[in-house]
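Encoded as structure tokens, the following chain is the form predicted on its own, with no partner shown.
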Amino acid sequence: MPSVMIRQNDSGQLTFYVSKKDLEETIVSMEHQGPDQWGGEVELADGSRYFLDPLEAVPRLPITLRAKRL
């Protein structure tokens, strides 16, 4: 499971960065984005999907997490 960094870009979109693959893509969908749960299955603009263990609240960004490729 690679470590990934999630941050918000200048236009307000969430970006997903995997340093080992030098991959940076925009997140187009996330399973949980409510105030009580954040994370789950994430789909990137290139079509790839990852899974983030859901957090109990929206985190402060940028944040580094472990992700599993689906």
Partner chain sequence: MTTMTREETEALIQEVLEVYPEKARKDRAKHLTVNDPNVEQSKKCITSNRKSLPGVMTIRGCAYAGSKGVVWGPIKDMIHISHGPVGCGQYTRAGRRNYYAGHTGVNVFGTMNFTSDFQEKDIVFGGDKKLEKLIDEINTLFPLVKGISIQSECPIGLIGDDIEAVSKKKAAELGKAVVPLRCEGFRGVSQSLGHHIANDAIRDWVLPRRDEDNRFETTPYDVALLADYNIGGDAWASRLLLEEMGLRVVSQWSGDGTLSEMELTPKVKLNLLHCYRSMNYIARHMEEKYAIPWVEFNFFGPTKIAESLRKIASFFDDKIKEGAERVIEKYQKEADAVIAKYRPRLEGKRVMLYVGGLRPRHPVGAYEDLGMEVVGTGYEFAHNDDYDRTIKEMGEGTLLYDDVTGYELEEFVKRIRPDLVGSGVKEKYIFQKMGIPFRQMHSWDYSGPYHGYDGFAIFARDMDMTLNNPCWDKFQAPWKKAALAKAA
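Positions refer to the first chain, counted from 1. None of these values were measured; they are calculated from a predicted model.
One more form of this protein exists, namely the form predicted in complex with its partner chain; it is left out here, but the text below deals with it.
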{"item": "Non-hydrogen atom within 4.5 angstroms of its partner chain in the predicted bound form for each of Tyr17, Glu24 and Arg60", "value": "yes"}
{"item": "Any non-hydrogen atom of Arg66 within 4.5 angstroms of its partner chain in the predicted bound form", "value": "no"}
{"item": "Distance check, Asp46 to its partner chain in the predicted bound form, heavy atom within 4.5 Å", "value": "yes"}
{"item": "Non-hydrogen atom contact Leu70 with its partner chain in the predicted bound form at 4.5 angstroms", "value": "no"}
{"item": "Met1 within 4.5 Å of its partner chain in the predicted bound form, heavy atoms", "value": "no"}
